[in-house]
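Single chain ahead, by itself, as structure tokens, in the form predicted on its own.
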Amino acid sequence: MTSSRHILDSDVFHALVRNRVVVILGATLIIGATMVPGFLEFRTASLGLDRMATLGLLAIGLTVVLIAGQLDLSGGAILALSGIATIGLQEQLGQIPAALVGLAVGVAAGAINGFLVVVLRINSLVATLASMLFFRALCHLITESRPISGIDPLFGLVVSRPIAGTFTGRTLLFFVLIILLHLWLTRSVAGRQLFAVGSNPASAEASGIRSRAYLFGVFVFSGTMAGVAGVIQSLSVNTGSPVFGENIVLIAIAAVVIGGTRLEGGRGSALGTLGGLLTIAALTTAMEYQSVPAYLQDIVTGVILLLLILLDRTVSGSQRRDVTLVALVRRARSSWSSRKNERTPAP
């Protein structure tokens, strides 16, 4: 028991937990490269990232929501509704205006969530669960529970075709947006204030931060990102469907949490979310190459998620410990110097 406690309290263990997404991603890539021929080739990576891009767009919005200490379960339904608007209005409005309407649907749906949570003060879990059911039912009502097709199947190639032999348009869009989110969270005052709101909204409000405006904004942002994901997804397959995105929110939340964002709010990062998404993409690609059934893939993802949450809580009492590489080297030197002094006989 004493040795186990010693391991849990060690700097190395804390450093591994703090950088868990890097450790897991590295282990996944090594295992995948061992089991799957050509796993690390650029073509395989490009295909895996393209499949991850829609999920990633949703995860960008959820990262902000979770940092603010809230939850949004309605992203998948908003994705489907935005896609249906994008495809269903093409004949009347044209393709680009219809896509803009689909994006506006996402913004409006996010504003509804913000109104429920901030103005009516409904718990975000309950509010977005209710809105998810409403938006999904609206999808089925509009389409009579049937997929609808667009007017030009080639129009969506701009988002699904590799650009100059690299990545697809939606993959590049995801990378640009995740970098912008990283810069906003780390370099702007508003980004840093979001962490304060997530840690303690009342204290943040007392400090002059408009917590309620932030909370409303994160739901609008999350809805907007779900709208972008829905527009791109529907254009790429030239179809709008009421069943699009049924399970995507839970996977996106798993990716965000694997990346180090806490469900309790106040902590998280865009780069962590990127790491979580890459981990899930690598896991999915490796398991699909091995013909692992989808339900077993979900089990693996769920087990990893639970282990990470348990590890995070194990070290939560020492979360403020500095476990950066520089700090670890400094402490190691200090410890070595102390031992050396103890061994040196007094003159």
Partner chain sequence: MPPPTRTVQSGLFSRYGARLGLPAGIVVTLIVGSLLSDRFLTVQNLTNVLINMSIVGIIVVGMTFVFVTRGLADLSVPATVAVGGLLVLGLESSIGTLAAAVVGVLAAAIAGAVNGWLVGYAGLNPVITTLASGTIVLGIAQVFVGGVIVYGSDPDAQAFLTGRVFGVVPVIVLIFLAVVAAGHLVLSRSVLGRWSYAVGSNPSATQASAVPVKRVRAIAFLLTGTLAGFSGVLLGITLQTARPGIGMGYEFDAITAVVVGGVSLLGGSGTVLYAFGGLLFVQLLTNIMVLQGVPTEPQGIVKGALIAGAVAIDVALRRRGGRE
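As the structure is a prediction and not an experimental result, all values here were calculated from the model. Numbering follows the first chain given and starts at 1.
The following text describes the form predicted together with the partner chain, which does not appear among the structures shown.
J.: Only one of 278-286, 299-307, 54-62, 35-43 gets a heavy atom within 4.5 Å of the partner chain in the predicted bound form; which is it?
T.: Single hit among the candidates: 299-307.
J.: In the predicted bound form, does L138 have a heavy atom within 4.5 Å of the partner chain?
T.: Contact with the partner chain, yes.
J.: Even though the partner isn't displayed, in the predicted bound form is I253 close enough to the partner chain, meaning a heavy atom within 4.5 Å?
T.: Within the cut-off, so yes.
J.: In the predicted bound form, does R121 have a heavy atom within 4.5 Å of the partner chain?
T.: Taking the distances in the predicted bound form, the answer for R121 is yes, it comes within 4.5 Å of the partner chain.
J.: Taking the partner chain as it sits in the predicted bound form, is S145 in contact with it (heavy atom to heavy atom, 4.5 Å or less)?
T.: Answer yes; at least one heavy atom of S145 falls within 4.5 Å of the partner chain in the predicted bound form.
J.: If the cut-off is 4.5 angstroms on heavy atoms, which of these, L133, I179, I151, A190, is the one near the partner chain in the predicted bound form?
T.: Only one option qualifies, and that one is L133.
J.: Which of L172, L271, V220, L116 has a heavy atom within 4.5 Å of the partner chain in the predicted bound form?
T.: The option sitting close enough to the partner is L116.
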